[in-house]
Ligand SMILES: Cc1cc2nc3c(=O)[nH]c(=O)nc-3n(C[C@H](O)[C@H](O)[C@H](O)COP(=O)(O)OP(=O)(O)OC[C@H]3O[C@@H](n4cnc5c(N)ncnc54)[C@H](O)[C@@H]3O)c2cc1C
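One chain follows as structure tokens, the form predicted alone.
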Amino acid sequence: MTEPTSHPAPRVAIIGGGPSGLMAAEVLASAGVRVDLYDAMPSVGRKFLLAGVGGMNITHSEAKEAFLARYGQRRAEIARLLAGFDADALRAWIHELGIDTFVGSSGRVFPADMKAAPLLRAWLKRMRELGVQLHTRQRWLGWTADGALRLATTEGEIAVSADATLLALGGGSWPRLGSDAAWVELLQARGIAIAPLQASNCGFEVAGWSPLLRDKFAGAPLKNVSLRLDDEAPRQGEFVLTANGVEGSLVYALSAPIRERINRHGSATLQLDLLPQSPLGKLQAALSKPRGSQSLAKHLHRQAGIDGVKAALLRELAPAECFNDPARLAAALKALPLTLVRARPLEEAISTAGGVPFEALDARLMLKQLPGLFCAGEMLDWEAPTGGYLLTACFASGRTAGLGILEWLQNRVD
């Protein structure tokens, strides 16, 4: 009786050691696949670690529908990824690594110690136990003539053959941490149409601040304010004045619609409410009180609490004539026109929009034109605000790609 021939375990190459690449590696290695993960940096997870500086916001606890709405035009595509690995599943996975989590007052979810490093260490320990081979300081250069992967190492260029490959190379917003978008030209050369990369969760520039505002108030935070774009509901929070414009959490939350309006019209004008907690009528009544010999600055401070950077921005943006009319001045406090003309450079952004379109991929995240080549993470064409939404979708896309590779490898055997 002839014994069945044993076949060696398939080998998968993963390019990129961020959350999506590492998650795919775990899925594959857990199924007995030989996994080699390559990263150009001296260590993996560098952007992940930087995201944890000041508090590792891993995901968000809000309701499913509100959570999915954060993905804008790509809501349907991200919903399919999260169907297999949502925020609750991500928290459960973290707990399995021995890391506790908690929900903050904002609904954001953090590791108990607020740090990314212990989570990454526990994860890499699991990877080693599963047999994942990590190769650092190895930069992907494309393909050889016979289809092998070209990798630049400290000892020269090598060629690596694999049964399937996953690209998880990030966007283009962190070149010093490896996300330099060098993959764009490599995929375009293979006939893959790439949506242009654009800054997301980024600062924006104005046409130019006055020297006084720029020199005295650059870096100053505006707290407890709201911003509204067009007819959308206002968003409340805080942002920071910069030498060139504005940045910060409130601006990041609106970065996608601001950017798209600038793309279409050349600028985007937001309405800035310096006192969102104060009704217009109440402000008008307060500012209409006689101020006697008091300066207008003193009057604004006493009656409306406006001083410092808020007073300076009011002077910068409000029409001069409104300062002699309490009703118009109150209206200006509630709706200062803030015109933004361009996003800050891509390398300064927290994340990017654009990348490999979902239309170029099948449900397994495999490129339809290049069988056996999968993509995951931020290099896909989607975006989301900060608050844990970016990381959650990166983890989910890595898991989807890992399972997709397993399915594709099995179908080849069958």
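All values derive from a computational prediction rather than experimental measurement. Each residue number is its position in the shown sequence, starting from 1.
The form predicted together with this ligand is left out here; the points below concern that form.
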query	finding
Partner-contacting position among 51, 353, 356, 28 - heavy atom within 4.5 Å of this ligand in the model of the complex	51
4.5 Å heavy atom contact, residue 200 to this ligand in the model of the complex	no
Any non-hydrogen atom of residue 316 within 4.5 angstroms of this ligand in the model of the complex	no
Any non-hydrogen atom of residue 15 within 4.5 angstroms of this ligand in the model of the complex	yes
Partner contact for residue 140 in the model of the complex: this ligand, 4.5 angstroms, heavy atom	yes
Segment assignment from 28 to 36, 62 to 70, 359 to 367, 376 to 384: heavy atom within 4.5 Å of this ligand in the model of the complex	376 to 384
Residues in 93 to 112 with any heavy atom within 4.5 Å of this ligand in the model of the complex	none
